[in-house]
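In structure tokens, one chain follows: the form predicted alone.
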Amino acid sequence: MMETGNDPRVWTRFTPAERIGRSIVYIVSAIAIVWSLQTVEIIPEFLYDAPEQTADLFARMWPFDLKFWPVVWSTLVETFHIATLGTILAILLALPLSFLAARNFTANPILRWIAQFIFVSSRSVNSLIWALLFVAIFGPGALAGVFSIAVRSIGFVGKLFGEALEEAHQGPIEALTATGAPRAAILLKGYWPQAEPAFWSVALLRWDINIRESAVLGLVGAGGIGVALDAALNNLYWDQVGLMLATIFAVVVVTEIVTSFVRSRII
């Protein structure tokens, strides 16, 4: 804001309305923090010895029970299968919906709203909640994990790929339309070449995320390494828990490196 008159001009960063708005945000945030601290009900007795308990817990995890490795390996392979099959199923289901959600591809607002509603519904429910639902339907096992990963991923894949379709340049598409090309040719020659890098980037990113999520689905009975982890936790076999946690951490790091390398080669 600039003031004029006999005094020299003074510049301020925010207008009075902006300063009032920022002050309101600060006050509301402070109230929310204080309110949250009061409702969390922190027990000081547990908080004081938390460092000691943490050190004792990690001491129990070492050395790892390497004789348990065959079980870890078999459940880890199942975790990869759950993540991979769930990602593939999600892509197959999300691709048609992403074209329905793209404004430059689908003119009908009702179809676009239906696609967006499915995306929001998929993303709004955590994968563990989906896993509980599918365990109740299919029973415990990897099938429930595959469907929970797939349903959870539809919103992520569909929304990002639909946005990539909306960002496609209209020049090639208009040229194909002017030549009388069929709808399928416009899709394959006009939209797909422009959206293909985004497709592979989204697919690899979601697969990476799904490996992390599928590692814990077994805690609710949806298969994978989480089943063995839950059993070890319940039986207080901390050396087995340490082995599985180290394995999960190593797998997450390796998959992050692999997906980043593949994306750099494709895009």
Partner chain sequence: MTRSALQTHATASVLGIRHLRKEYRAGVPVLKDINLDIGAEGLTAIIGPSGTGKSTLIRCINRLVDPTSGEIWFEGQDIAKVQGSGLRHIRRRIGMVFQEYNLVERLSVMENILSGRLGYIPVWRAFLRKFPDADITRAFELLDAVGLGADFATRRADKLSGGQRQRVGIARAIMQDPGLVLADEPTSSLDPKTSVEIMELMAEMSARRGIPIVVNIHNVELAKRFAHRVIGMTGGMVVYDGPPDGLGAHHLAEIYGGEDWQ
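Since the model is a prediction, treat every value here as computed from it, not as a measurement. Positions refer to the first chain, counted from 1.
The form predicted in complex with its partner chain is left out here; the points below concern that form.
Heavy atoms within 4.5 Å of its partner chain in the predicted bound form map, among the stretches 98-106, 183-191, 116-124, 71-79, onto 183-191 alone. Contact between Glu174 and its partner chain in the predicted bound form is found at the 4.5 Å heavy atom cutoff. Contact check for Gly139: no non-hydrogen atom falls within 4.5 Å of its partner chain in the predicted bound form. For Glu163, no non-hydrogen atom is located within 4.5 Å of its partner chain in the predicted bound form, even though that partner is not displayed. In the predicted bound form, at least one heavy atom of Ala178 sits within 4.5 Å of a heavy atom of its partner chain.
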